[in-house]
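Next up is one chain by itself, shown in structure tokens, the form predicted alone.
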């Protein structure tokens, strides 16, 4: 018989959205809720807004029984409920609870907030993440091979490439690929020729891979010149308007992959994120490197938050070892 008794509430609290998971003592998600009350879209300004958003999404769960609560993401940023300093790399993922912060609601509920990570290599600007460290922890939980040595790729608005060795994040880098694509499509001259008209999948995929191939031929330089080709291919009719966004996406993702792989030794690659976006990266990886990712992991945040709770001693021993 399955035990559906909730033992933990886990919050993935980002800039634009809030997701909440009720989990058993064994780490199984038994209920999921979501709202648009991210840290920049609270029901009211300031601390009362965080209180209201938390009560709205978790109140009925906590009315039934007291439960530990853990959170990750921008809720721990300077714009969040409480700013939690970053844990510097190399960062043992098991040490996240020791660097975590805490807030207590007006009703007396304690919330443990993950710290995020900072990578500050000599001679280069620092890099930071908030929330992705929990996704990384969840993606490698229960997989000793991934913990031993893996490069994790987390595509998105700000894509992350992180290296894990021995359960420790040794370093990472951010590529603003998603945000740059959105700006180019909506705010630049390149977007003026783009169309959302229906397009056959074969044509769409071919345009994307053409962009990837062009980025691979160019190497790590010349991106600004290549991007203008998105416009000229449309002006000359060599690509239909509905395929220009795909070509531009291929250029940007291809450039990201070429740049990131140039600083990484051979080893397994793991894609973490939405299946559609990860599939796009997987096609580009195969075209550039001749191999795709070892696996695609969707939504590992609950598993990462469960590990945070276990490592912090918030769950009893019956929960087992999350590693």
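Remember, predicted model here, so these are calculated numbers, not experimental data. Numbering follows the first chain given and starts at 1.
Just so you know, the form predicted together with another copy of the chain exists too; it's not on screen, but the next bit is about it.
> Considering 227, 99, 209, 199, which brings a non-hydrogen atom within 4.5 Å of another copy of the chain in the model of the complex?
In short, 227.
> Taking another copy of the chain in the model of the complex as the reference, which of 140, 75, 252, 162 has a non-hydrogen atom within 4.5 Å?
The residue from 140, 75, 252, 162 that makes the contact is 252.
> Honest question, do 86, 256 and 263 all end up within 4.5 Å of another copy of the chain in the model of the complex by heavy atom distance?
Yes.
> Does another copy of the chain come within 4.5 Å of any heavy atom of residue 108 in the model of the complex?
Outside the cut-off, so no.
> Examine residue 168 and determine whether its closest non-hydrogen atom to another copy of the chain in the model of the complex is within 4.5 angstroms.
Contact check for residue 168: no, nothing within 4.5 Å of another copy of the chain in the model of the complex.
> Can you tell me whether residue 145 touches another copy of the chain? I mean in the model of the complex, with a 4.5 angstroms heavy atom cut-off.
Residue 145 lies outside the contact set for another copy of the chain.
> Consider residue 241 of the chain shown here, and say whether it contacts another copy of the chain in the model of the complex, taking contact as heavy atoms within 4.5 Å.
It does not: once another copy of the chain is placed as it appears in the model of the complex, residue 241 has no heavy atom within 4.5 Å of it.
> Specify the contacting stretch among 91 to 99, 113 to 121, 146 to 154, 200 to 208, defined as having any heavy atom within 4.5 Å of another copy of the chain in the model of the complex.
Heavy atoms within 4.5 Å of another copy of the chain in the model of the complex occur in 113 to 121.
> Can you list, in sequence order, the residues from 173 to 202 that come within 4.5 Å of another copy of the chain in the model of the complex, counting heavy atoms only?
Heavy-atom contacts to another copy of the chain in the model of the complex: 173, 174, 175, 176, 177, 179, 180, 183, 184, 187, 188, 189, 190.
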